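Here's a solo chain for you in structure tokens, the form predicted on its own.
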Amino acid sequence: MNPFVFHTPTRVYFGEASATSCGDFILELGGSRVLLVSDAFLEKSGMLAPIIESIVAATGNPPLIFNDVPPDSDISCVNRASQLARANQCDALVAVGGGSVIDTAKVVNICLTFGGELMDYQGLNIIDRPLLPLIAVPTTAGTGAEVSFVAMVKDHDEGKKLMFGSPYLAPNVAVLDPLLIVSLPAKLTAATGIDAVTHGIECFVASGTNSVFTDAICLEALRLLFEFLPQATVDGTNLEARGATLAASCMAGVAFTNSGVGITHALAHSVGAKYGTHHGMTNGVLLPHGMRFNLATTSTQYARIARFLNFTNGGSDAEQAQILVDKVENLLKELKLPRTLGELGIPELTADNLKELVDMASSDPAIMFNPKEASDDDLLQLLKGAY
């Protein structure tokens, strides 16, 4: 067995109504003045009310609420939230929302803990000591941001996404409450769920620190997603399905944080940065293309997934690997997700636009973990094929 390192700094707390324990976790971690990061829709819906009540009951202080996080968060949003937190001497954070909200809270935590220039901490493993307490409460089942070591926010001036990565960036506690995702619309349920599917598949074949730990987590996460994601999309009130997708998303987040992702994410990051497309939907469009590109290198691993999921009873690794690709495409069709970049609303790609996307993808950190080396021409052909 090859040497490996497996790291899980986040405590995961799962259960119906578990979000009402946020105040207890803050108190346990030594916080008293909380910045609650969310979005306007969640606050208006009343979803934050029991969380706010728990914080007040535990700390005696109402949290400061920053609810101005856009779907594709950016540096301006981070700066505004950080200024609010500093002005009110906040010493802990609670993030309630999707990946954009949680990533925003992570980056705000950098600013609040260290001060100085945010860009001094951009990149991987620049942060070398603990941050202030952070509780993450996801309201989507897909990104895995509640347990990951990374955060991404957009730099509109440069037209690119910035990555911050360090084990210290991971939240202290992830609270998985299925009740909070019951009202998630079918389209977003499908879109965020396919993001988790992409995490599981890309992580399983990534060239990072793969291990028996990440392999096992990926396989079970994918089993749950293929079984329950369609159910959760059709019937949002199905708590068993909602809980299964929420747990699977978190599991895939733990796995890819330890082993990396690959070419699908590198391309999706570049497309999302330029055109503002939904990350999960973009991953869904690109995943079959990325899988086919990697087939020659990953057929054994893909076949292993297909066997575990009982997609096939025989045949060679190459045949079973192709079945897995077909199953992914069938899942996208069943979930009624976009199948091409054109369907995502991206205008026809010019030569200059393609070059820009290729340049961004080739320098994206995710590309480092792809199991097969990709040239600029490979990336170009994948984008053309996906359009």
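In case it trips you up, residue 1 is the first one in the sequence shown, and so on. Keep in mind it's a predicted model, so treat the numbers as computed, not measured.
Although it is not shown, the form predicted together with a small molecule is what the next lines describe.
Taken together, 100, 151 and 192 are fully in contact with the small molecule in the predicted bound form: each brings a heavy atom within 4.5 Å. The partner is not drawn, yet in the predicted bound form one stretch among 53-61, 341-349, 315-323, 38-46 has residues with heavy atoms inside 4.5 Å of the small molecule: 38-46. The partner is absent here, but in the predicted bound form a heavy atom of 188, alone among 118, 188, 127, 75, sits within 4.5 Å of the small molecule. Proximity to the small molecule in the predicted bound form, taken as a non-hydrogen atom within 4.5 angstroms, holds for one residue of 181, 303, 81, 291, which is 181. Residue contact with the small molecule in the predicted bound form: residue 140 places a heavy atom within 4.5 Å of it. Under a 4.5 angstroms non-hydrogen atom cutoff, the small molecule in the predicted bound form has residue 145 among its neighbouring residues. The shortest heavy atom separation between residue 278 and the small molecule in the predicted bound form is within 4.5 Å. Although the partner is absent here, residue 223 is not a contact residue: none of its heavy atoms lies within 4.5 angstroms of the small molecule in the predicted bound form.
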